[in-house]
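Before any questions on binding or motion, here is one chain by itself as structure tokens, the form predicted alone.
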Amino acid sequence: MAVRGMAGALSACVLLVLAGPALAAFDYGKFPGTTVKVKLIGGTQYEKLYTRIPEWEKLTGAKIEIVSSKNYFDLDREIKQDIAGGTINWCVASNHTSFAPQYGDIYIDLKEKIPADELALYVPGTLQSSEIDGRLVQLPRVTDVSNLYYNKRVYDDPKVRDAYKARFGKALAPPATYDEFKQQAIFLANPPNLYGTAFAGKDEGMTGRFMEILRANGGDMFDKDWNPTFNSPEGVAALQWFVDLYNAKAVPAGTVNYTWDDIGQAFAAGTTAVDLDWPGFAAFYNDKSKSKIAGDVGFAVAPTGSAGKRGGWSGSHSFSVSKACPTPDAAVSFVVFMTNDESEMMEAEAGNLPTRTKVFADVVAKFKADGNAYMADMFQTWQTSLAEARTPPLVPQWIEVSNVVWPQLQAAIVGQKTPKEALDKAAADARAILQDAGLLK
């Protein structure tokens, strides 16, 4: 199973935007009287797509029953309970390249159900990263990569700009490095009305952001033989970054319990100055009916670390069809519909990076035709970030390892351990997991 080289697979979408094959005519079929039970990721970035469900129901005569809608971390725990209890009675579940390897063989190989000419419409590298041991167990929905949002009302305030120039001797501009990010977040914080930033403080959100800065500092989670290496000097420096922000009260105290929606809502409310976050929030942040900072949102590529490179944490959201599904043809019809050109266009108009080749060019052309320079420019920035992106290790043990890492990171952030103590403990626990799995001899 590929662990290295995922940057090339993901960034293939940047290189192939003009090389899409001709459209295929997928037959969605007719399934009157059929009900397809689904478990979906919920939250701000994801709900709009589900407004297309009635279209699929009208097209096919089938019905969708949403049996669960929650964030990925809770959904992951629920699916594992289903596996342990032998109670998988649903057909479709939201999935992610980070999570998929741990689910064993509960999902069908979609290559056996979806014609090759239809699959050829997806970005080849993204589709490849959705495979496990050569089986296509996910149909990719959107691709994520970290990028920088900033509140222009804060960054363009003359008093703030003058004070920053007086303090640091340079103009206030979106941070190009993680050191600048921390410096600015601490400088701009004025709690409780304004915090410098916020970060996901638990689950894979915490581990992933740490991994991103670790890689930007020149480190990595493991060496080629699967020895944990994140308790290196680069790792200690990455964890200290979070500790410094927390100790300076540049982040809300509750950030250690935040996940993505909490961070997105805080930035949209205008209570944080700079936000390292996902593409899917772009349209939400600029929507006057939902965001207090609409019209004043800036964006930039993610900062570089001490090694002069970006960590580029990335991966794809997806849909999978369970082997337990009694109506797999209807389920496959549904997941193709939810990732077809029209669905991908809806996702891309929100700022998400699509997984179908043609949509990259189509959405930028639409933004330009609509005079929406904000979204057109944003999309090209996202593509630049994706060029340096890498997924977490695509192995079944990744989430289990993450689940022993993030509590230690959190312990260091709140001052219960030093960064080195926390990382050494996490590395020892991770080593035991990888040894038990036979990856590490």
Partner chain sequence: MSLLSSPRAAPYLLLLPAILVILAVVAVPLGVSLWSSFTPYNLTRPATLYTFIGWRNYQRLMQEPDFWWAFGRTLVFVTVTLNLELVLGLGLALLVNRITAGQRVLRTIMMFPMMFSPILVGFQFKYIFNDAVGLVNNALFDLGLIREPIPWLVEGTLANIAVMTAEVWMSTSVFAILLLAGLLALPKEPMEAAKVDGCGPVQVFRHITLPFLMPFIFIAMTIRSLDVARAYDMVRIMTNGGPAGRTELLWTLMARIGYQNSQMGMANAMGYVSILTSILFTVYFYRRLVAARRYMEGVE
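Given the structure is predicted, the values throughout are model-derived calculations rather than measurements. Numbering follows the first chain given and starts at 1. Throughout, rigid core stands for the largest set of C-alpha atoms superposing within 1.5 Å between the two forms.
Keep in mind the form predicted together with the partner chain is missing from the figure; the text below concerns it.
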item	value
Contact test in the model of the complex: Gln81 vs the partner chain, heavy atoms, 4.5 Å	yes
4.5 angstroms heavy atom contact with the partner chain in the model of the complex for Gly254	yes
The partner chain contact at Ala376 in the model of the complex, heavy atom, 4.5 Å	no
Distance check, Lys202 to the partner chain in the model of the complex, heavy atom within 4.5 Å	yes
Proximity to the partner chain in the model of the complex (heavy atom, within 4.5 Å), stretch among 381 to 389, 405 to 413, 41 to 49, 56 to 64	405 to 413
Listed residue that, although the partner chain is not shown, lies within 4.5 Å of it in the model of the complex (heavy atoms), from Pro158, Gly134, Gly169, Pro192	Pro192
Selected contact from Lys323, Lys309, Lys165, Lys249, since only one has a non-hydrogen atom within 4.5 angstroms of the partner chain in the model of the complex	Lys249
Within 4.5 Å of the partner chain in the model of the complex, all of Lys30, Asp109 and Asp329 (non-hydrogen atom)	no
Within 4.5 Å of the partner chain in the model of the complex: residues from 420 to 436 (heavy atom criterion)	Asp436
Post core alignment: Glu234 C-alpha displaced by 2 Å or more between the shown form and the other one	no
Core-superposed C-alpha of Ala294 shifting 2 Å or more between the shown form and the other one	no
